[in-house]
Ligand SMILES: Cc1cc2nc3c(=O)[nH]c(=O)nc-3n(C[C@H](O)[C@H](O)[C@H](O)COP(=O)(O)O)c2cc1C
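Presented below, as structure tokens, is a lone chain in the form predicted alone.
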């Protein structure tokens, strides 16, 4: 029997039950209802540094830093669907999410320095797809602009089709998103649509 598609959620919030994480959990619930196997990764549970810009990955596409990003890389590469959730801090993606994405420099090296596929077996797998979820306490009209561009870069490096962003302003205070059932439903639907009708690989 073939395995269902794998949907991995990357929660970048430093809060275990932060608003963006709650929305991500709703998205994963939707993906599970669409037939996907789901896994939530809380980035704050892992210990990793930012990119050292050492160009070590230019040699073979592997990051030379031996930390918990090695675990996260494996999870990301195994996924057929990715949902990234990160709150906005100081008009940009929170540091946990940005540090992880900076470490995807190894995938940029694979694609553009070594001229290789990041996903070597992609012809035998479903098309990889991803979404970005974010919240911000600010109501500034451009508060998400920078984070969205970073998220798009992340998915591009991972040969993953970007399906869209789900970003919500003026959401502040731990857990306050639970007072917005419409937004919770949107996140659920986004996850369901990310997985789509039941797929197998």
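Residue numbers count along the first chain shown, from 1. Note that the coordinates shown come from a computational prediction; the quantities given were computed from them, not determined experimentally.
Keep in mind the form predicted together with the ligand is missing from the figure; the text below concerns it.
- Shown alone here, residue 130 lies farther than 4.5 Å from the ligand in the model of the complex, counting heavy atoms only.
- The ligand is not drawn, but in the model of the complex it has no heavy atom within 4.5 Å of residue 40.
- For the chain shown alone, residue 73 is not a contact residue for the ligand in the model of the complex, no non-hydrogen atom being within 4.5 angstroms.
- Interface residue remark: residue 151 is not counted as part of the site for the ligand in the model of the complex, having no heavy atom within 4.5 Å.
- This chain is displayed without the ligand, yet in the model of the complex the stretch 164-172 from 30-38, 51-59, 164-172, 65-73 comes within 4.5 Å of it by heavy atoms.
- The candidate site formed by 15, 18 and 88 is fully in contact with the ligand in the model of the complex, as each residue has a non-hydrogen atom within 4.5 angstroms of it.
- The partner is not shown here, but in the model of the complex the stretch 135-166 reaches within 4.5 angstroms of the ligand through a heavy atom at 135, 136, 137, 138, 143.
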